[in-house]
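Heads up, the chain below is alone and in the form predicted alone; it's given as structure tokens.
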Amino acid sequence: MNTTEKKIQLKGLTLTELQDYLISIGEQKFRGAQIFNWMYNHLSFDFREMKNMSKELLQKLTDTCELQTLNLITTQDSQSTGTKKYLFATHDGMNIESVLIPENERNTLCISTQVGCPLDCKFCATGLMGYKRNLTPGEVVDQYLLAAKEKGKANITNIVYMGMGEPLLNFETTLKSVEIFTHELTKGLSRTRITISTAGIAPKIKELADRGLRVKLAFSLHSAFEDVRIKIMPINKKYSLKENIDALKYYANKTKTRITFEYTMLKGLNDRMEDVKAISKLCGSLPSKINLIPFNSIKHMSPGGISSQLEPTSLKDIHQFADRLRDNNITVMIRETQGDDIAAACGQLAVKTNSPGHNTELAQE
């Protein structure tokens, strides 16, 4: 093989794609299933570990293919909650973060789909990074595989697409990674243990429903008023709240699943009595629940403008807000802040050292 020839990246390929590739290089189709199982079930990053294949085939694969898309650079552990943050490096010198969140019997891995994010939500540190590029399917999957190898696979019970980036702006990659995670050969995760979170890309919400994966869907609401949402979430100018709610109703009806509304509590902005009434009306219009999220500081990104002016609603007021919603028969959870001591809590993921430059254009596929 020419040493300058780029190797084929196998990580991120589905079973069908692996089978097709093996056939294309003159090997038998069943080898694809074997490699799929070694990569995604046995967490293999070295062809030499694949003991049920010939030395000749393994050497051929070693010479022409790769099995790893990310390198684990560092981990940080929260002393107060046990939350673990992973810093990964891509092959082109970018950095991304993932977070493992322990909670009772569950251990949830929060994974990223983009380097940075183009949406510029004013309460989110990732938005202050700007957008660099979409992650590949392999880079999305390797966050789980490398964390599982480091932590122990049995300890990761759930995956949430709530890290860096907007999953529905990296749509095909997100869906391909879900297909890999839930495939029976990986002996991995059921669709009920996977949640995709979106800030509101209405056409893609409907397309997700039509693709039949039936994963859980979380919608970043943060205000039930169009004008407030535009102020803190610029994407609302392109896809209005009304358009997104119509899409969410379509999703809930088509998939027979309940929508989770994510709601970051911002003092004086979305924690008023009129917000209670508007949320209650909204949640009453479709099968749903709401997670109230304490606003976590983004000062580590030196924000300007409205981002620098945002303040958290007090915990006491959050509980009162929740009680008022419950009085209207709304299912409410208050998310406990985890990992804020290592900048790993909700809305805090960001890496300052990525370079190329800032880009806030939407990365539609």
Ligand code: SAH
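We number the residues from 1 along the sequence you see. The structure presented is a predicted model; accordingly, all values stated were derived computationally and were not measured.
Although it is not shown, the form predicted together with ligand SAH is what the next lines describe.
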Q: Check whether F123 has any heavy atom within 4.5 Å of a heavy atom of ligand SAH in the predicted bound form, and answer yes or no.
A: yes
Q. Is there any non-hydrogen atom of Y251 lying within 4.5 Å of ligand SAH in the predicted bound form?
A. no
Q) Can any non-hydrogen atom of I293 be found within 4.5 angstroms of ligand SAH in the predicted bound form? A) yes
Q) Heavy atom to heavy atom, is E139 within 4.5 Å of ligand SAH in the predicted bound form? A) no
Q | One residue of Y161, F88, F181, Y131 in contact with ligand SAH, assessed in the predicted bound form (non-hydrogen atom, 4.5 angstroms) | A | Y161
**Q.** Answer option from L217, V115, A199, L100, heavy atom within 4.5 Å of ligand SAH in the predicted bound form
**A.** A199
Q.
Given a 4.5 Å cut-off on heavy atoms, tell me which of 270-278, 101-109, 190-198, 170-178 is the interface stretch with ligand SAH in the predicted bound form.
A. 190-198
Q. In sequence order, which positions of 228-262 have a non-hydrogen atom within 4.5 Å of ligand SAH in the predicted bound form?
A. E262
